[in-house]
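Heads up, the chain below is alone and in the form predicted on its own; it's given as C-alpha cells.
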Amino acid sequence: MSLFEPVEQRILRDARVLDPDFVPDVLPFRESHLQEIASSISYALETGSSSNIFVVGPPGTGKTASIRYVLRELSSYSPLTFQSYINCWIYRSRFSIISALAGALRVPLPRRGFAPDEAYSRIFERLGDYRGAVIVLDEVDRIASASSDVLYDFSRLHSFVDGPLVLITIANTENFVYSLDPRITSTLFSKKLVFERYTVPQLKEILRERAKIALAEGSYDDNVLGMCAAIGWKRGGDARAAISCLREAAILAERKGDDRITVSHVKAVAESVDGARVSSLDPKLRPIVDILRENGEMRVSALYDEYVTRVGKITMRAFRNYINELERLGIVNVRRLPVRGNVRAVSLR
C-alpha cells in the first residue's frame, strides 16, 4: 500500500484562490482605498512630486492585498515605473533591507558588507533609469525598534532621488510610531490610510466571491460560509482567517472522501487556523496568549505579574501596550470591571 494515495479533488477546483496571498481581480469593500492609493501614485508620476502613504489596520483587513493589486495595475499603466515590495518580517535589519532594494534594482553590492552611503549612491543612480519609483515596506512595525536607522534613511530618500518617489509603509498598528524620532514620523507617517476590520456580512461576501471560483458548484452552502465568516470576525475581522478556514475545511472534506463541505468540517479546522495565527505573533506577545489560555480571564495586574515571572521584567506601561496591540489584533477582549478604580480584565476572544 502506498503512503501517498492521490486525493480525488471533487471540491477544490482552484485551490490557489483560497491561498491567503492570492490577489483576486476584485477586492470587495476596499474600492475607495484602492482609488486613494492609485490616485497618490498617479499624481506623483504625472507631476514629478513624491509622497508617503502609511497603511495601517489589523491583520487580514486587505492591506497587503490592496497594495499588491495597485502594483499589478501600475505595471500595465506605467511599465517604466520601478516597483519594490519588501516584507520587513523577513528583512528586518538595515543591511538586509538595503540589500533587498539593491537586488530588485540589480545593483551589485559586496557580499561581505558595505557602507550604507555607498550602497544608496548606487541605488539612487540606478533609479534614475526609471520614470519613477514605488517602494513598499510591509510589516514595517517589525523593524521599528531595532532598525530605526533604515526608517530615517527612507524618510530622506525623496531628497536624493531625481524623480517621483512614492514610499508606502504598512503596519498592523501605529503604536510603534510614537517611539520613533519625530523627524521620521513627520515624514514617513504623515499621510495615514486606515483599513478597518471586516464585518461578518463583508467577510461572508468575500468568501462567496472566492468560493465561486475555487470550489465546485454544490460543494458548500451558506451555513459553511457563514461559520467561516464568523470565525474570521472573532479573529478581529480577519479575512485571511476566514479564507484559511474555508480552504482547510475543503481539504478535510476531500481527504475524508466527502462530496460537500459541512459545518462539522469547519468546526474541526477552526482550532488549527487559530493556532497558526497565534504562532505568527511577535514573540513578546505570545506568552500573554499562553497565560490566558491556562487561566481564563485575568485582571491586568495579575496577568502582568505572571508575564514578568515567565519572561522577565518590563514596565507596566510597555505591558499595557502589548495588551492594546493584542486587542487591536482581535485576539483578546479587555473590559472594565465594576469596582472602584480603573481596573480592567483581559480574556481571549
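As the structure is a prediction and not an experimental result, all values here were calculated from the model. When you see a residue number, it is the position in the sequence shown, counting from 1.
The discussion below concerns the form predicted together with a small molecule, not included here.
Looking at 257-265, 205-213, 174-182, 128-136, the stretch with residues near the small molecule in the predicted bound form, meaning non-hydrogen atoms within 4.5 angstroms, turns out to be 205-213. For A318, no non-hydrogen atom is located within 4.5 Å of the small molecule in the predicted bound form, even though that partner is not displayed. Although the partner is absent from this view, A44 stays clear of the small molecule in the predicted bound form, with no non-hydrogen atom inside 4.5 angstroms. Within this chain, I243 lines the site of the small molecule in the predicted bound form, having a heavy atom no more than 4.5 Å away. Among heavy atoms of A38, none comes within 4.5 Å of the small molecule in the predicted bound form. Though the small molecule is absent from this view, in the predicted bound form it lies within 4.5 Å of a heavy atom of just one residue from Y198, F189, Y220, F154, which is Y198.
Residue L27 is the only one of L27, V311, I323, L281 with a heavy atom lying within 4.5 Å of the small molecule in the predicted bound form. Panel note: the distance between the CA atoms of F29 and R328 is larger in the predicted bound form than in this form, the difference being 3 Å or more.
Distance between the C-alpha atoms of R328 and D138: shorter in the predicted bound form than here (change of 3 Å or more).
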